[in-house]
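One chain follows as structure tokens, the form predicted on its own.
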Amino acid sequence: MTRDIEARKQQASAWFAELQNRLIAALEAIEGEGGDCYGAWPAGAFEIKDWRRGDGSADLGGGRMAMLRGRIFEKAGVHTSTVYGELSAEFRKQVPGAEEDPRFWASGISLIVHPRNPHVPAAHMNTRMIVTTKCWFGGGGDLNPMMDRYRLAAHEDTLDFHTAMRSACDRHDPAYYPRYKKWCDEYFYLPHRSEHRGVGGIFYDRHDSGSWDADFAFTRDVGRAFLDVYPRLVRRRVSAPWTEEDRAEQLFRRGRYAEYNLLYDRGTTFGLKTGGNIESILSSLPPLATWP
């Protein structure tokens, strides 16, 4: 069993690294295409930085942080990490299997994109594998339009994004999409505002069907679905001109996004509680936002 789990850890972390490279290439390709709306802004490229967890006195894992600040993507981050060690006494009660043994291993990828153009939706995606005395996958993807007229269930961007997520789910179990769509709607919700963060997608956690191979295949398909659909949505809107009023609406909506990530996001909490890289954890925050 120990030999199997070590091989599985290597497979998972290798996939997250591969997906990171593919997402970086896809976003840089769009950044290089430019558009009439972006004037003299130069094309940006991802800056990649490796980091190690802890103070260096012990091997606790680390990751690869990739940040882009460009003309199409005002801020985009695509990060991978593989970290391990022991959970703190206060936190281990919140993680399945950690009360019996505080040792953990976690590997995953996290993406957040804040486009400059208010017509282009922001987006988030992450997938991960976590091992304690138990083993499971989690993740998902969700779409976050910045303007009210796009924040509709019947809007074509919403429909296309959900079709992609449904297809990834249906290849494995038709029950996944309705279950994980509902979970996404409930998870990405700001109770103090009585509103959803975006138009949803799917969210799953502690996913263990009893077949590691099947669950890993599902997690890969979620990543591939996002890689396919999101660049298409960006290209659909990237050349649309915008007004100062559009930009003001975008910055207002970004404020709501920041509130959610700082108050409720479970990934932010896990990263901070396990000594992750602060820069990559908080890179999900938008570059500019307003609170009227």
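Since the model is a prediction, treat every value here as computed from it, not as a measurement. We number the residues from 1 along the sequence you see.
Omitted here: the form predicted together with another copy of the chain. The next part is about that form.
Residue contact with another copy of the chain in the predicted complex: Leu60 places no heavy atom within 4.5 Å of it.
Not displayed here, another copy of the chain is approached by His192 to within 4.5 Å at the level of heavy atoms in the predicted complex.
A residue is said to contact a partner when one of its heavy atoms sits within 4.5 Å of a partner heavy atom; Ala17 fails this definition for another copy of the chain in the predicted complex, lying far away.
Put simply, Ile278 is close to another copy of the chain in the predicted complex: some heavy atom of it is within 4.5 Å. Partner proximity in the predicted complex, defined as non-hydrogen atoms within 4.5 angstroms of another copy of the chain, places exactly one of 226 to 234, 43 to 51, 26 to 34, 255 to 263 at the interface: 255 to 263. Taking a 4.5 Å heavy atom cutoff to another copy of the chain in the predicted complex, the contacting residues in 276 to 292 are Ile278, Leu282, Leu285, Pro286, Pro287, Leu288, Ala289, Thr290, Trp291, Pro292.
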